[in-house]
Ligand SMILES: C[S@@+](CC[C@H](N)C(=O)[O-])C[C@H]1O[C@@H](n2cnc3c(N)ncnc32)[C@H](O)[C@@H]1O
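The chain below stands alone and is given in structure tokens; this is the form predicted alone.
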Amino acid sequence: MTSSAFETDGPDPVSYLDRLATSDLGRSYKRRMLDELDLRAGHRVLDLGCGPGTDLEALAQAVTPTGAVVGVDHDRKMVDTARARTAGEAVVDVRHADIHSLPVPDHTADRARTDRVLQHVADPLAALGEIRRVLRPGGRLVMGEPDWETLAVDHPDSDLTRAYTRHVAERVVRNSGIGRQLARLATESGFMVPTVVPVTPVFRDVQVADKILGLERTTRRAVEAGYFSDQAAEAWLTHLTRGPFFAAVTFYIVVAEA
């Protein structure tokens, strides 16, 4: 169940996030999220789930030295990496904290962003309520999340495609349908939602897709979870390497206003 087309051992989390950020897909959607934030000089902006600090420098440049950028992450390694990377940015403050309980006073932030974070949290609605608490009236939250149930991988056996997507949605990602749920959850948290932007990246190269989706590793986990037999997994992966390859998933950028 292996091929030279696939990575059998995944990158560490920091390397994976760096890889995604520098891909064509990452640069494109992150630019759109930054545009939707509409940052101004002097703004105080929160990057919630900032990871290794991938986006902190761009945020700092947008708010200028008169503003402030607060990065928050629950993972100590991510926080340490982000702090090291932004050591020269006087306006950046990286904090070790949980998105469900932010170390930020009420109504003190102008902007906030979450980038592929709410798909992993224990309680997205509670997290949104906490973000609503810390934003000033008129403040803006921009979120970017995939809807993993829209994951489509072309294969002659559609049952295998459905099994793969079902495994990802049911076992791999905690809140797999968060992309489609964001507008509703934000509204329930007291936000207005003026804008929802669907972004659908299309992968035509199996190796490019594998670097984002971890196709072989995910298939191995699907076998262990009973979604694929060994024989079906072999047929699935063999076809993917022989092409032509096609995969797509819809990613939603949602703008919410306090």
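All residue numbers are counted from 1 along the displayed sequence. Please read all numbers here as calculations on a predicted model, not as lab measurements.
The same protein also has a form predicted in complex with the ligand, omitted here; what follows describes it.
This chain lacks the partner; the member of 74, 171, 133, 162 within 4.5 angstroms of the ligand in the predicted complex by a non-hydrogen atom is 74. This chain is displayed alone, yet in the predicted complex one of 107, 180, 120, 166 has a heavy atom within 4.5 Å of the ligand; that residue is 120. Contact check at 4.5 Å (heavy atoms) against the ligand in the predicted complex: none of 195, 198 and 257 pass. The stretch among 199-207, 38-46, 53-61, 219-227 whose residues place heavy atoms within 4.5 Å of the ligand in the predicted complex is 53-61. The ligand in the predicted complex comes within 4.5 Å of a heavy atom belonging to residue 116.
Shown alone here, residue 99 lies within 4.5 Å of the ligand in the predicted complex, counting heavy atoms only. Using a 4.5 angstroms limit between non-hydrogen atoms, residue 17 touches the ligand in the predicted complex. The ligand in the predicted complex is approached by residue 30, whose closest heavy atom lies within 4.5 angstroms of it.
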